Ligand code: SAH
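First, one chain by itself: the form predicted alone, in structure tokens.
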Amino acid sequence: MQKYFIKTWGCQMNVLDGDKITSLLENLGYEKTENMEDANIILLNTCSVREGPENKVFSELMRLKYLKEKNLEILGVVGCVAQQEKEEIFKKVPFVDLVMGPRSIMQLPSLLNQAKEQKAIETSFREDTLQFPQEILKRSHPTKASITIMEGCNKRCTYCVVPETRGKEVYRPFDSIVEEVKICIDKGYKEIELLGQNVNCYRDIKKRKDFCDLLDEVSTIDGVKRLRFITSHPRHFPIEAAKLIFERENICKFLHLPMQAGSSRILKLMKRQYDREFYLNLIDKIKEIVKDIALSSDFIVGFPTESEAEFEETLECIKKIKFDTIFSFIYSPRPKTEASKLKPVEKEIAKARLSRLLEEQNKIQIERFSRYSGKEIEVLLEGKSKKGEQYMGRSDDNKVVNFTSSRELKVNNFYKVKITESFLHSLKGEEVF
């Protein structure tokens, strides 16, 4: 039997794309292998949101050249780098056989057939990836079913390549999302995660339904024990959603809301469509409704022309808001974006600013995580911890919890855990009967 290997970089959307690709390959009769050496097909499922992950793809391709001289039949680049680079990939790496964008996944079977004879490429923006056949979809996560509700982005943030790689926004029919949720529940999943580049922009024009209508409907489906959604855009986050988070026990008390910068001038340069005051006011309104909500955010440090004073504004926002977690990166110029034409901040200055931001966030994070010490929380078990000596799961507000138990526990079940220690990125505890 022929074997395949997939390596995935990037966001939750990329992970779900990887699951879809896996499902298509196995439906064609291919068998998964964890060893590249044994693979007849290798597909690199890529991310291009920053320069670093993109560079890793091309470095990985060069390392795989020797396999093309052995038993590797097809080497492919799929995902966002494929969409961004298109035919250029063949020029940069002539031994690549297949290039496929993230909105062309359903074309994989025909592309594989073509790649056996000649170079194969498909980078059109299709909508059939939104309606992936559930009867063949194999999900990699043991407890969480991620469900795409929309794809693409209509924003033109000056640093972002997503509109180029994922296309304009398209939305799934309301009823098809609800049906997929029910299928996932029937398969035993306890947690549902609604996915989209801008989930709050979701709408079904024919049924006159929006994101809050969807959140309301899904949260009432019997068997949905936990409901999450990502990613939200601050400009479009509806206060009605915060009210639903407060009212519905099964909607997780966690919100990822990218701020990107704390300076209004920089936010304007980014074309984020909100300023510092708007974001801070929105956070205040959300906290008034959901008192102890866990907040997460993204920040870009060293955006072109960012001054020291403007970076200090970002630090002030982090201190004021007290995010439970953040994802922060040095600005990375992306092809065909407006920001790539602006005057860059010196690399050493940007690196120093990132270190200071992380230092400040670490203090806040230690404080935020420490408030769980001595408390009993409900954990959805995902499996054994990395060291294999403890169990690992997540809390309602997305904290990683490593814990011990005197009995054998089952994945995809809820357990009460008393927290005994807190760390920078996780909690530790023991099961309470």
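Everything numeric in this text was worked out from a predicted model, so none of it was measured. Quick note: we count residues from 1 along the sequence shown, nothing fancier.
Heads up, the form predicted together with S-adenosyl-L-homocysteine (SAH) isn't pictured, but that's what we're talking about next.
* Asked: Since the chain is shown here on its own, which stretch among 284-292, 345-353, 153-161, 209-217 would lie within 4.5 Å of S-adenosyl-L-homocysteine (SAH) in the model of the complex, judged by heavy atoms?
  -> The contacting stretch is 153-161.
* Asked: So which of 172, 103, 226, 334 reaches within 4.5 angstroms of S-adenosyl-L-homocysteine (SAH) in the model of the complex, heavy atom to heavy atom?
  -> Selected residue: 334.
* To do: Select from the listed residues 50, 68, 56, 384 the one whose heavy atoms reach within 4.5 Å of S-adenosyl-L-homocysteine (SAH) in the model of the complex.
  => None of the other options qualify; the answer is 50.
* Has each of 3, 22 and 109 got a heavy atom lying within 4.5 angstroms of S-adenosyl-L-homocysteine (SAH) in the model of the complex? -> Not a single listed residue reaches S-adenosyl-L-homocysteine (SAH) in the model of the complex, so no.
* Consider residue 197 of the chain shown here, and say whether it contacts S-adenosyl-L-homocysteine (SAH) in the model of the complex, taking contact as heavy atoms within 4.5 Å. => Yes, contact at 4.5 Å.
* Counting only non-hydrogen atoms and a 4.5 angstroms cut-off, does residue 315 reach S-adenosyl-L-homocysteine (SAH) in the model of the complex? -> No, residue 315 is distant from the partner.
* Asked: Is there any non-hydrogen atom of residue 298 lying within 4.5 Å of S-adenosyl-L-homocysteine (SAH) in the model of the complex?
  -> Answer yes; at least one heavy atom of residue 298 falls within 4.5 Å of S-adenosyl-L-homocysteine (SAH) in the model of the complex.
* Asked: Hey, in the model of the complex, does residue 329 get a heavy atom within 4.5 angstroms of S-adenosyl-L-homocysteine (SAH)?
  -> Residue-level check for residue 329: yes, a contact with S-adenosyl-L-homocysteine (SAH).
* **Contacts with S-adenosyl-L-homocysteine (SAH) in the model of the complex, stretch 243-274 (heavy atom within 4.5 Å)** => Sequence-ordered list: 258, 260, 272.
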